[in-house]
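In structure tokens, one chain follows: the form predicted on its own.
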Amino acid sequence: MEPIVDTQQRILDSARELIYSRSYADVGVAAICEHAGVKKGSFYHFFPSKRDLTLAVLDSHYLEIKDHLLNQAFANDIPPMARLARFGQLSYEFQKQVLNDTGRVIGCFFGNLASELSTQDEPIRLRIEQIFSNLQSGIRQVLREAIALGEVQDIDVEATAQAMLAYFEGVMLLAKSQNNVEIMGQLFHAMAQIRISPR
């Protein structure tokens, strides 16, 4: 008998791959089960609904991004503002790998779902809002360290962190709309130059 954790993980991995490469609306439970090689009974044993699965996928994907991208990007081995540039570079490299794997620029998993579902599914919207808040918190911490070291002066930290995240997501969307990952390589580095002055 296959270990339960393997079955559950296959469902999670299949759902993330299918929803990321297509869309939430375009992927049903049957397609996820077929891709994962499991029966619907196994699906509903772990996840009462497609929404519950999607929430679990969001959490799982965020933890993976945190472990393999954010922790590396924001490690304090280089000056704070250089970490923002590294965040952009690592994000570009990640998206370039996705392009190599799929043949398309797919963009941000969280941003894609936010665009599709934020007006339709409140629990999913709230989970994505929390993930974006976590990302913004990392940027905010970098900015505070930069101010403490004199790298940056006279900015509204909260607004600047929010503007940087908005810029990052906008670049991802632009690259996806043009199916051109190089837009990320060209524009991500400018994120570190954004400054919002205090009112």
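All of these numbers come straight from a predicted model, not from anything done at the bench. Don't overthink the numbering: it's just position in the shown sequence, from 1.
The discussion below concerns the form predicted together with a further copy of the same chain, not included here.
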* **All of 15, 56 and 60 within 4.5 Å of a further copy of the same chain in the predicted complex, heavy atom check** => no
* Structure fact -> Partner contact check in the predicted complex: of 146-154, 39-47, 23-31, 62-70, the stretch with a heavy atom within 4.5 Å of a further copy of the same chain is 23-31
* Asked: Quick one: does residue 118 come within 4.5 Å of a further copy of the same chain in the predicted complex, counting heavy atoms only?
  -> yes
* Asked: Applying a 4.5 Å heavy atom distance criterion, does residue 125 contact a further copy of the same chain in the predicted complex?
  -> yes
* **Residue contact check: residue 139 to a further copy of the same chain in the predicted complex, 4.5 Å heavy atom** => no
* Asked: Applying a 4.5 Å heavy atom distance criterion, does residue 189 contact a further copy of the same chain in the predicted complex?
  -> yes
* **Contacts with a further copy of the same chain in the predicted complex, stretch 169-199 (heavy atom within 4.5 Å)** => 169, 170, 171, 173, 174, 176, 177, 178, 179, 183, 186, 187, 189, 190, 193, 194, 195, 196, 199
